[in-house]
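Shown below, as structure tokens, is a lone chain in the form predicted alone; questions about how it binds or moves come after it.
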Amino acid sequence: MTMDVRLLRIDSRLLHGQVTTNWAKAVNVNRILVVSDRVARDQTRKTLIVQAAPPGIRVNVITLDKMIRIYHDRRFDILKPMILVEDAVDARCIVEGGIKIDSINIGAISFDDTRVMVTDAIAVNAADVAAFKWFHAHGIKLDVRKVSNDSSKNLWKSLSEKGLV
């Protein structure tokens, strides 16, 4: 037996209302793991995220290395987590570390001067595109949905239409 990862979600906002109220219930998680080296080192952000936990579900903020370690540690097989990461590069890192998933949910990736918009809520840079190409090559579905009852859109199609892949 291994840890039953219920959802791996890329969202630059990490833990917020849609995630806590909709996804946690929809995929029936018993833990939310915010996996980010940046947030794990930032005590203020870490505290705010833990305080945003939905009733009855614990939230932990951990580094990418720690996520990979606990995934392979039998003591944590009881977890049925939703894993939240800020970007595709972090998601690829933990999947390459052995975390088994067949689909990644992409919520929102914030725009900045290094990124181009590919949907109304998703902006990508070259590193993101490389990670999404890697997922696609490994047969991992790129599922774009803000909340669980939205219709699923395939990010690969959007990346293709923009000439990025």
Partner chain sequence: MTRREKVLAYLEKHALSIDQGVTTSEISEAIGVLRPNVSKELNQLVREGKIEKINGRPTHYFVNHATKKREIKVEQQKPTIGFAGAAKISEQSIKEHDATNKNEVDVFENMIGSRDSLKNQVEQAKAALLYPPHGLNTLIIGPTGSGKTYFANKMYHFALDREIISKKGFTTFNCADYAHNPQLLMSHLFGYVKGAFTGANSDKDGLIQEADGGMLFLDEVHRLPPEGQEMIFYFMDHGTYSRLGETTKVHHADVRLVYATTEDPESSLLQTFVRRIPIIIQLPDLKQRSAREKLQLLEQLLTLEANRIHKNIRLNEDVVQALLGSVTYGNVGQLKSNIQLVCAQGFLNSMHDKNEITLLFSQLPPNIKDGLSNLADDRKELGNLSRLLEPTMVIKPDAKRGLPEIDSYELPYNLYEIIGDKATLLKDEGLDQTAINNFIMTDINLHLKSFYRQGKLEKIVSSLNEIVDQEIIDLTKQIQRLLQEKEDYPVRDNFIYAMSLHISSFIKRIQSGKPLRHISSDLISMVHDYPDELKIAEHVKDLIEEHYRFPVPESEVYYMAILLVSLKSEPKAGKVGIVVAAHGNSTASSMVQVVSQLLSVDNIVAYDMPLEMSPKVALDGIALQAKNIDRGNGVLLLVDMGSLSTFSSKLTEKTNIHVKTIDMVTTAMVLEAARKTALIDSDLETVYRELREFNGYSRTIEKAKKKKNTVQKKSDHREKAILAICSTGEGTARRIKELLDEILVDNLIDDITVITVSVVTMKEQIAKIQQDYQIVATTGVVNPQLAVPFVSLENLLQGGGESFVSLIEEINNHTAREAVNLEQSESLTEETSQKYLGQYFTFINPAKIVKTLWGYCDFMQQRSNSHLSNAFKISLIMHLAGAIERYLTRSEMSVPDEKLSRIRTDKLYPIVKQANELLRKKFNINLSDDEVYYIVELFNTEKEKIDTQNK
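This structure is a prediction, so every number in the text was calculated from the model and none was measured. Residue numbers count along the first chain shown, from 1.
Although it is not shown, the form predicted in complex with the partner chain is what the next lines describe.
Participant: Would all three of Leu48, Gln51 and Lys146 be in contact with the partner chain in the predicted complex, where contact means some heavy atom lies within 4.5 Å?
Facilitator: The answer is yes: all three residues contact the partner (heavy atom, 4.5 Å cut-off).
Participant: Does the 4.5 Å heavy atom contact test between Lys141 and the partner chain in the predicted complex come out positive?
Facilitator: Result no; Lys141 lies far from the partner chain in the predicted complex.
Participant: So in the predicted complex, does Arg58 come within 4.5 Å of the partner chain, heavy atom to heavy atom?
Facilitator: Heavy-atom contact with the partner chain at 4.5 Å: present for Arg58.
Participant: With the partner left out here, check for me: in the predicted complex, does some heavy atom of Val95 sit within 4.5 Å of the partner chain?
Facilitator: No.
Participant: Are any of the heavy atoms in Lys100 no more than 4.5 Å from a heavy atom of the partner chain in the predicted complex?
Facilitator: Output for Lys100 is no: heavy atoms all beyond 4.5 Å of the partner chain.
Participant: Output the sequence-ordered list of residues from 53 to 84 with at least one heavy atom within 4.5 Å of the partner chain in the predicted complex.
Facilitator: Stretch hits, in order: Ala53, Pro54, Pro55, Arg58, Asn60, Ile62, Lys66, Arg69, Ile70, Asp73, Arg75, Phe76, Ile78, Leu79.
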